[in-house]
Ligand code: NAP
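Given as C-alpha cells, the chain that follows is alone and in the form predicted alone.
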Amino acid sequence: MISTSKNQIMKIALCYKSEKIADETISSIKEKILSYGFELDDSKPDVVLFIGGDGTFLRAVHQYYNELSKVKFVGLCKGHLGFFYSYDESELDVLFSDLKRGVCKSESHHLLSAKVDNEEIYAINEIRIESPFHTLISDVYINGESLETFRGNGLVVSTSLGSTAYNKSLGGAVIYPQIPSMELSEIAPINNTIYHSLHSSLIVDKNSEIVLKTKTDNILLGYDHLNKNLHLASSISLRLSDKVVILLRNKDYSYTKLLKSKFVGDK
C-alpha cells in the first residue's frame, strides 16, 4: 500500500534511457500522470516510475539511493526480460489507477553491502570480483571461519532478488525474494588434484558475513551495472544492509508465475 497524507498529491519521477524510449512515449506517459492528479517531480518523488528493461531499475535505485527511505519504485516494462516489472506498456491506466487507489503490492528488499578500502558500496542484485586476464586468488571466510582459497575467474555474491541474474547463469539457485539471504557463486573455478574449491553455490542467511581476502592485484569490483578497479589486494566484507528498496507490484503479481513466464514458458 502507498500512504500519503490526505491532502498531499503524490509526486512521481520518471527514470528511462532516452536513447531507447521515444519522446512521444514519454510525453504521453507524463500527460497520463497529470491526468490522474499526480505531480511530476524528479528531485523529491514519492514514487519512481522506471521504464524500459531490468537495467533501468538498477540505475533508478542507484540514482535515488539517498532517498530510499522516502521513495518507492514501480516499473513499466518495455524491455525483453522485465523481471522487476509487473506492468507492461498496455497497462498504463491499470498502473495509475492502482497507485491512485493504493492497491499495489509492496515488497521490501535489502541491499547488499560491501566494505572495501574504507569505502562502503551497495547493490540490489549482486557484487562480484573478477580478474579477466589473470587467475583470481581469494581466501573465502564465512562468519569468520575459513571456507576455501578460491582460484578462478571470479566470485559473485548475490541477493535473493538478484539470484535470477548473473548468479543463475553461473548455475546458482533461484531464491524466492521473500527469503532475505546471500548466495556465493564461482566464476570458472580451477579444480584439479592441486587446487580445488567448493565448486558449488553457497546460500547463507541474512545475518551472515562473507569476507573475501584477495591475493591478486588489479581486479575488477562490480556492483550491479557499475564497477571500479582495485589495484591492490583487498579484504572485502559483504553483508545484507539495513537499507531497503521498496518495489511496487501489480496486486495480482505472483513470483511463481513470473518464474514460469520468464524461464519455463507454456509448453
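When you see a residue number, it is the position in the sequence shown, counting from 1. The shown structure was predicted, so the numbers you read here are calculated from the model rather than taken from an experiment.
Absent from the display: the form predicted in complex with this ligand. The rest refers to it.
Of the stretches 199 to 207, 213 to 221, 231 to 239, 55 to 63, only 55 to 63 has residues with a heavy atom within 4.5 Å of this ligand in the predicted complex. Residue contact with this ligand in the predicted complex: Ser169 places a heavy atom within 4.5 Å of it. Although the partner is absent here, Thr164 sits close enough that one of its heavy atoms falls within 4.5 Å of this ligand in the predicted complex.
By the criterion of a heavy atom within 4.5 Å, Glu183 is excluded from the residues contacting this ligand in the predicted complex.
Taking non-hydrogen atoms only, Lys70 never approaches this ligand to within 4.5 angstroms in the predicted complex.
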